[in-house]
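The chain below stands alone and is given as structure tokens, in the form predicted alone.
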Amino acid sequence: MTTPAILRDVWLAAAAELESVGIDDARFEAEVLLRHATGLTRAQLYASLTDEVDPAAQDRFQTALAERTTRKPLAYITGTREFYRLEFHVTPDVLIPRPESELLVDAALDHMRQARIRSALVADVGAGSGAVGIALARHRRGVNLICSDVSREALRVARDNANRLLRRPNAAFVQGDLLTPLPGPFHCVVANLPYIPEERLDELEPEVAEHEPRVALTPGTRGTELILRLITQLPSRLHPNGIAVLEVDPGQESAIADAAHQMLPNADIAVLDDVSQRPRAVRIIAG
């Protein structure tokens, strides 16, 4: 059993250890791991910095810290990630939700409000943890959500999140390829599909390249394969005035927008920038 130590000393020593292995924002990550191990809120932690750490909590903390020094993602260690002000459960079976993907939720919600769509059938394609679709359903009444993914394990995570986060869960979970197994037509399609070209995987941070599911990162050589296939399905699967919002890798937006123009020549198509002012999504509103 580890000898009890003072919270502040444990925290600062862990921050130094994380910094030594190249982890950005090491002090904050050490705090998150410490709160995870002790069960303390942030306010409680700061009020208890001169207290001793419970030996069992210290053991849990050291185990978590050792995992993080291998560059295992923080979210996989704590099992949670905040997205759109909601706390989602995540496992190594799903991509960790990113703040950039909140753009998809914003765009879909804005359109449904402006178009006064009160009862919407929404497809979250390649749903993973279900973060995008569940955030939509949480913030818009009348949403009937269908999450699709090729991974059965990912759909289990999405179902768990829906059961926890939706007040009246009205969601279905379908294993399959893109929109192929889904009934439609849809008022809204959102998709954060794999879009990283295979040759770029080695350039990614170890947290991503070595730990997140490969099937959720890359669809093949170009990176646009799945998104382009999804676009070919949209003409017959979107309601008139329905919206599709597709996340893309910056640099892919022109090819995706051009493909959308070819498949839906009467659609209103726009490229949307993320908070860093980088092109992050293509929005398609059916004509």
Ligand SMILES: C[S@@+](CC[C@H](N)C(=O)[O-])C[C@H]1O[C@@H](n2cnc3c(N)ncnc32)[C@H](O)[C@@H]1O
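Numbering starts at 1 and runs along the sequence shown. All values reported here derive from a predicted model rather than from experimental measurement.
Quick note: we don't show the form predicted together with the ligand, though the next part is all about it.
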Decide yes or no: are A137, P185 and P240 jointly within 4.5 Å of the ligand in the predicted complex, with each residue judged by its heavy atoms? no
Would you please decide whether L34 lies within 4.5 angstroms of the ligand in the predicted complex, comparing each non-hydrogen atom pair? no
V208, heavy atom within 4.5 angstroms of the ligand in the predicted complex: no
In the predicted complex, does D177 come within 4.5 Å of the ligand, counting heavy atoms only? yes
Report whether the minimum heavy atom distance between R229 and the ligand in the predicted complex is within 4.5 Å. yes
Please identify the residue among N144, T91, T78, S151 with any heavy atom within 4.5 Å of the ligand in the predicted complex. S151
Contact stretch among 115 to 123, 159 to 167, 210 to 218, 197 to 205 - heavy atom within 4.5 Å of the ligand in the predicted complex: 210 to 218
Heavy atom within 4.5 Å of the ligand in the predicted complex: which residues of 74 to 105 qualify? L95, P97, S101
